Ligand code: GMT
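Take a look at this single chain, the form predicted on its own, given in structure tokens.
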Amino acid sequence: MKIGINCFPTVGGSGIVATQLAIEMAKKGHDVHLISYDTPFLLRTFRHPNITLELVDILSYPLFKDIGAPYTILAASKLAQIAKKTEVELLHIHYAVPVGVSAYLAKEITKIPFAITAHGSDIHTLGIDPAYNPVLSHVFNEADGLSTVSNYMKKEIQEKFNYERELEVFYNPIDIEKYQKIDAQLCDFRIKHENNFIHVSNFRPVKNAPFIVEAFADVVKEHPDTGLIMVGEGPERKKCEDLAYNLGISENVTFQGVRVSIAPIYSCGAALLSASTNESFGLTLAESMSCETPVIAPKVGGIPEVIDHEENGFVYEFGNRESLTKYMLQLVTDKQLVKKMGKKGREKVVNKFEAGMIADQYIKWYEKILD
């Protein structure tokens, strides 16, 4: 097949998922035109000959100084050019805002079919905003296919967009070769503490990272030789650094920034911690499970579809710091439980989220759309 996949180039879930899908399709012999405004994160260290990177040109014009370049139009023009100049059969858009609209315009110009995968905030935050909703609702109903990443998200779309057409669910693909348990000593930084917890996010308010620091401080009171490794960058990182200092646990908290190789970090944790206010799926949760590290996360969004409570991790009621602390203490004092849960987590990822298997599901969907 020849497919055009559009995504954001950042480390956010939609961009990672789209690029991983492109990689898996390329491995299976399909030709993929990957379209973005910059080199996607995963392609900065990996390229496949079946992947052609297509960059959207961002114009600079004084009139647009305060509002930014009209990216919807620029992306639509690029998609239309690709449709005309290549043998791409289908455009697959990851994250509905704003390129779902661009694909709709490209179809009006070239008649090329398009499909959209909604990932999260493009539905439950941006999508329901009156500034976006009427246009997105129209685009969804004009799309040749619509999918999302969890049953929770499917319900959100059906309820908030009154969408009654067929809607597919494809879980996020995990590269189980890349994300597997390895010797934590292979980390390129010194692991200072015997036991560690991990937090990986973009430090946006929705990730609620300061809550993690507060709960971790309770654990340190009972187990001083425990570390918290925080990976990522974002607006609330500084808040977390200040909070760790004010709570007197700065020596226990390590900030690693954005990492290309993260499997060693997952592998050195007793658990990955999440406190998100919402998650459509929870990509980092599944990555951690693939590395045989249990997860402790709130019972919100699609998280219960990823974590089986008391089997491969723990889910707690959102905002219940006492429960989060209790589960952290349980794992930090029971290495056999960590190992048992880790094995179960890896087993679930292999059986339900393995990247090649998810890519096959998408390919069947493409064939159905084009039939």
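In this text the structure is predicted, and so the values were computed from the model without any measurement. Note that residue numbering follows the sequence shown and begins at 1.
Just so you know, the form predicted in complex with the named molecule exists too; it's not on screen, but the next bit is about it.
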Legend entry - Residue among Val17, Ile23, Val349, Ala359 with a heavy atom within 4.5 Å of the named molecule in the model of the complex: Val17
Legend entry - Of Ile112, Ile176, Ile191, Val206, the one that lies within 4.5 Å of the named molecule in the model of the complex (heavy atoms): Val206
Inset, instruction - Tell me, yes or no, whether Val99 is in contact with the named molecule in the model of the complex, where a contact means a heavy atom of each within 4.5 Å. - result: no
Legend entry - Interface membership of Arg259, the named molecule in the model of the complex, 4.5 Å heavy atom rule: no
Legend entry - the named molecule contact in the model of the complex: Val149, any heavy atom under 4.5 Å: yes
Legend entry - is_contact(Asn172, the named molecule) in the model of the complex, heavy atom dist at most 4.5 Å: yes
Legend entry - Among 212-220, 82-90, 292-300, 271-279, the region lying within 4.5 Å of the named molecule in the model of the complex by heavy atom distance: 271-279
Legend entry - in the model of the complex, residues of 103-119 near the named molecule [heavy atom within 4.5 Å]: His119
